[in-house]
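Here you get one chain, nothing else, as structure tokens; it is the form predicted on its own.
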Amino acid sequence: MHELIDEADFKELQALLADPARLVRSSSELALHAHDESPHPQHLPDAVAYPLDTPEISRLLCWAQAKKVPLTPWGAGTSLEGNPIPAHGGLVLDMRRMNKIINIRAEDLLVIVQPGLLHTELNQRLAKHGLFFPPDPGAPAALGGMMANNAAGIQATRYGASKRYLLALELVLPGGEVIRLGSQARFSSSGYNLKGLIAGSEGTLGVISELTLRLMGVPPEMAAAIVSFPDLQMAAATVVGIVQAGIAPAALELLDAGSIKAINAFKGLALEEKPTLFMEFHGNLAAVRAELAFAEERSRAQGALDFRSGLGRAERDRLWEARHQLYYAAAALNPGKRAIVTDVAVPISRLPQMIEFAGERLAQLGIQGPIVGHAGDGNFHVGLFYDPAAADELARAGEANAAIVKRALELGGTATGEHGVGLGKTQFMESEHGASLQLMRRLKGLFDPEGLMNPGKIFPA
């Protein structure tokens, strides 16, 4: 038996749920909630609860505070930075059974949902209304987890990250108090933006129990293009030129030659294994044609080898599926290895310089891994693959990660553009935020005076 929740505690927790079977502690369930998709060390919780409504969450949080037991919210477990790992054990709240659409208000372009609903399922339901929720992190993530981490994804260049679509939320505070933040109005200048504080807080301030989200209309036209270049710097410079010209592609993804090799092998594609941009444009027909023509002109001026547009829907979908599965494609080329995935973002003009630095540092340290990113936002990732049984490889991967983050901060960027701080980026918070980190600590203390909400995340020990 684990030390934080004994037999008597377990029975008390069962009594707080309408169905006691929704509190579990089998070894298989605990193991499933001990890790996410990141390489960070696993930590077993003491028990896992599956709440069905806000009153149950409230009772569980009230109990946890009274008993001084750590509590960690859990979405779909797709995070890449250890965000939902119960680093201090205790109770995990798995929100996946709270997965209902409460109300679609198509006329107001909003939807009210429970936090366990997957964004992919939401968009399937919204399609018949001609609406969609734009943030797309690739993995089938839960909306509560996406908001808690302010997830972005491939469409962020045009549509922005999750926080942009948050109108209101219901939050259960430590101790069980339930509050509502925001409204259904699309704009408000009323008071502090507390809902914006919750977006990106990684479950360290409370548990999201309901979300009211702003939606967008499905664009009437879409066009995609694949552009290959002789080298990565030319591709990055093209990104800068397109964005600085005021063009906002729905997606502007940069992949190095290694990334293209990986997805060719993994998905059976035959793309030229050169640095490549995947572009997509949304809007009316005239606007899409104009933006596509400008992108081609700018690409060829920067030395593009090939610019292929006019892709059919099936080919477009296959390309984006391959992009979404790039991590698994790269892992297949590195059997038995794990990866630290960097997540820096820099001012757009600094992107070529930053990517050049990352490539040079990987070569110096003998690290293999893809360079890929949502380049239109200055956000890119490097997969630093290492053998977990080889201490020297792990050390070199960690050194490369730290060097890339340090350089991004020197260039006015951030340690994390979309994955969140979690466990892996706490070491960089002091350097990035300075004195304001202490203000964050004080805010954390106001919401969670006992420090029980998802402890070990965001703040360095």
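Since the model is a prediction, treat every value here as computed from it, not as a measurement. All residue numbers refer to positions in the sequence shown, first residue = 1.
One more form of this protein, predicted together with a further copy of the same chain, exists but is not displayed; see below.
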Is every one of 109, 177 and 350 within 4.5 Å of a further copy of the same chain in the predicted bound form, counting heavy atoms? yes
Using a 4.5 Å heavy atom cut-off, indicate which stretch of 361 to 369, 195 to 203, 267 to 275, 382 to 390 touches a further copy of the same chain in the predicted bound form. 195 to 203
In the predicted bound form, which of the listed residues (287, 332, 101, 222) lies with a heavy atom within 4.5 Å of a further copy of the same chain? 287
Can you pick out, from 233, 184, 309, 120, the residue that has a heavy atom within 4.5 Å of a further copy of the same chain in the predicted bound form? 184
I'd like to know whether residue 338 contacts a further copy of the same chain in the predicted bound form, with contact meaning heavy atoms within 4.5 angstroms. no
Does residue 164 reach a further copy of the same chain in the predicted bound form, with heavy atoms at most 4.5 Å apart? yes
Do residue 70 and a further copy of the same chain share at least one heavy atom pair within 4.5 Å in the predicted bound form? no
Would residue 11 count as a contact of a further copy of the same chain in the predicted bound form, using a 4.5 angstroms cut-off between non-hydrogen atoms? no
Can you tell me which bits of 69 to 89 touch a further copy of the same chain in the predicted bound form, meaning any heavy atom within 4.5 Å? none
